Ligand code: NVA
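Only one chain comes next, encoded as structure tokens, the form predicted alone.
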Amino acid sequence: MKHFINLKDIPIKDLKKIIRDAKKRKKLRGKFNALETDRGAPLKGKMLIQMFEKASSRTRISFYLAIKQLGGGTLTLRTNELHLGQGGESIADTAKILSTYGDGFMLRSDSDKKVKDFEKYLSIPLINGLSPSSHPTQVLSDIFTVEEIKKKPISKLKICWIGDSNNVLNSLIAASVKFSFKLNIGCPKKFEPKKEIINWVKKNNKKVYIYNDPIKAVSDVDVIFSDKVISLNDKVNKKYKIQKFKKYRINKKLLNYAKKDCIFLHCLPRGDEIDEEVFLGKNSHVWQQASNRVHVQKSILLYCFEKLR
């Protein structure tokens, strides 16, 4: 049994194996319809239980399609539908029930502690579909997309993040250490990554480059990543934060400092951090990025079920 909770805890050989498998699976899908099963139905009879404490579009739909295409089934829950949320049932007891009925558990949570507690008590694989400090399924899929478009390993590319220091960036930083790619981060001084994250990078003899100037951050890069500056549950002074990020808006002028063939990716949903011209422009591959999540999540499921070949 293998969990998929944080990229920094997963061996690089396994992460690369997941990406290789996803590449093969996407190619083999061809023109299959969305609910047609992959040849061999490797997860036939398996049940994935999904629980969402936070709103979700892409993660919810992509995991539903992923398990279906592998021959399994899924049940989607909200915490207000369970005794965990309404009746005060413990995580330990809930985990026991989930482990009895399901073969795997995908959790999208508003609490890192809850993810750790479920990991402790589950006897089935746990997949982190997003937590306050990490979004590993998103970032591994993004690496898949970068390599698919650029047709080279991400280790040979210069990557840039423009935006807030959030869970997606945390996972991107972990990926930069695992996959050994250069990562520039462009953000205001007060919104830089937490010290413990940078210390972890240093502990692994790596480095990320932080700039409080967006032009320096994007200069000569191959890929620009971004995310919403004000997230759904952001409990900050929103006016202050928007003001601080004003000069970090990704527009055509800023994009011109990157390489000519630079690609733009955004995990969605988008906000005011990106101009429409860039978001819908030739450098943007956001729709391809979103659709690729199905292929990578299939390989993550196979990894967790120990059926990755």
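Residue positions are given as counts along the sequence shown, with the first one as 1. Predicted model only: the values in this text are computed from it and were never measured.
What comes next is about the form predicted together with norvaline (NVA), which does not appear here.
Visitor: Taking 4.5 angstroms as the heavy atom distance cut-off, pick the stretch from 243 to 251, 39 to 47, 64 to 72, 266 to 274 that is near norvaline (NVA) in the predicted complex.
Guide: It is 266 to 274 that comes within 4.5 Å of the partner.
Visitor: Does residue 219 make contact with norvaline (NVA) in the predicted complex, using a 4.5 Å heavy atom cut-off?
Guide: Close contact is absent here: in the predicted complex, residue 219 is far from norvaline (NVA), nothing within 4.5 Å, heavy atoms only.
Visitor: Using the partner position in the predicted complex, report whether residue 180 sits within 4.5 Å of norvaline (NVA), counting heavy atoms only.
Guide: So residue 180 does not count as contacting norvaline (NVA).
Visitor: Is residue 167 part of the interface with norvaline (NVA) in the predicted complex - any heavy atom within 4.5 Å?
Guide: Yes - in the predicted complex, heavy atoms of residue 167 and norvaline (NVA) come within 4.5 Å of each other.
Visitor: Give a yes/no on whether residue 130 approaches norvaline (NVA) to within 4.5 Å in the predicted complex, heavy atoms considered.
Guide: Residue 130 belongs to the contact set for norvaline (NVA).
Visitor: Taking norvaline (NVA) in the predicted complex, would 3, 99 and 103 all count as contacting it (heavy atom within 4.5 Å)?
Guide: No, because 3, 99 and 103 lack any heavy atom that approaches norvaline (NVA) to within 4.5 Å in the predicted complex.
Visitor: With norvaline (NVA) left out of view, which of 111, 231, 204, 79 would have a heavy atom within 4.5 Å of it in the predicted complex?
Guide: Going through each option in turn, the one that passes is 231.
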